[in-house]
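A lone chain, given as structure tokens: the form predicted alone.
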């Protein structure tokens, strides 16, 4: 494709970030999984690109697109950081349409010259090239959930279809989702308390959907469903999910997503616990 075989007049420009893809959907699909706020912070290193979105200082989503996913990936500095309007970025990435003809791909070349400069997108499909310039902003500090592996109390790896089933069956009129993880029965339980009363969904640790189960001691935590609902975008796209809780009750959901070329990207969600559990409901 022209964009991937020719320089786009950048011989004399000092771009600190250049990334090219034969298929833009391998990038845009992962970004859509964290698109629940308008703005995002982008971090680029030699390992790839991380895009972070936050809400109410209670939930954080991170999309990781590894360097190997790109056909060309170059970062000239130790790290490149900028803030961008994620809604506009996704609109530009789908400028040729979100449902192309079978066998048709949109190529992307993404360039960034540095602090205060716009993010340049060169998109090509069928010989037609579109150039987009998106203004970047000064990055703001992102939350550090300090999710240290040494403080992890429980870790579950589950086939994603198991959680998709849960979100379709649990009472979504509930304001909270209660999560019980225990070395003994019920092992892994999801509970809601909605208009129709309480509802529970249990997963035995030896069920077919459970790939791994580790729990040091029983933990019961509550999370606002309004904060977890955006993670269902990643859940729908994923094949596996890792569920971890630490000694503070913080929740980590890591979704493994395969793109159209079979390459792996990850989306992480971190969420603060909501409140103490009343004894009558624990």
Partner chain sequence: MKCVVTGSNVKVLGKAVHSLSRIGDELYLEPLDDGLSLRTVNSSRSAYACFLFAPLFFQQYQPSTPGQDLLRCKILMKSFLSIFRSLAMLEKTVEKCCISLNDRSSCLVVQLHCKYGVRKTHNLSFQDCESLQAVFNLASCPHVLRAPARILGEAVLPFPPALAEVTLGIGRGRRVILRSYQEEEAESTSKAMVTEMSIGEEDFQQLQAPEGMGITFCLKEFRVSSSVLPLPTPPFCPSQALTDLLPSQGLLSFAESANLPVSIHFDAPGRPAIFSIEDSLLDGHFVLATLLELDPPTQDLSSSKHHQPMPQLQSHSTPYQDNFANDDIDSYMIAMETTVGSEGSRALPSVSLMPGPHSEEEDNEAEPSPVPGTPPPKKFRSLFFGSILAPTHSPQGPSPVLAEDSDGEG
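Given the structure is predicted, the values throughout are model-derived calculations rather than measurements. Residue numbers count along the first chain shown, from 1.
Another form, the form predicted in complex with its partner chain, is not on view; read the next lines as being about it.
Per-stretch contact check against its partner chain in the model of the complex, the hit in 197 to 205, 174 to 182, 70 to 78, 139 to 147 (non-hydrogen atom, 4.5 angstroms): It is 197 to 205 that comes within 4.5 Å of the partner.
Touches its partner chain in the model of the complex: residue 209 (any heavy atom, 4.5 Å): Looking in the model of the complex, residue contacts with its partner chain include residue 209, since a heavy atom lies within 4.5 Å.
Residues within stretch 151 to 183 having a non-hydrogen atom within 4.5 Å of its partner chain in the model of the complex: If the 4.5 Å heavy-atom criterion is applied to its partner chain in the model of the complex, 151 to 183 yields 161, 165, 169.
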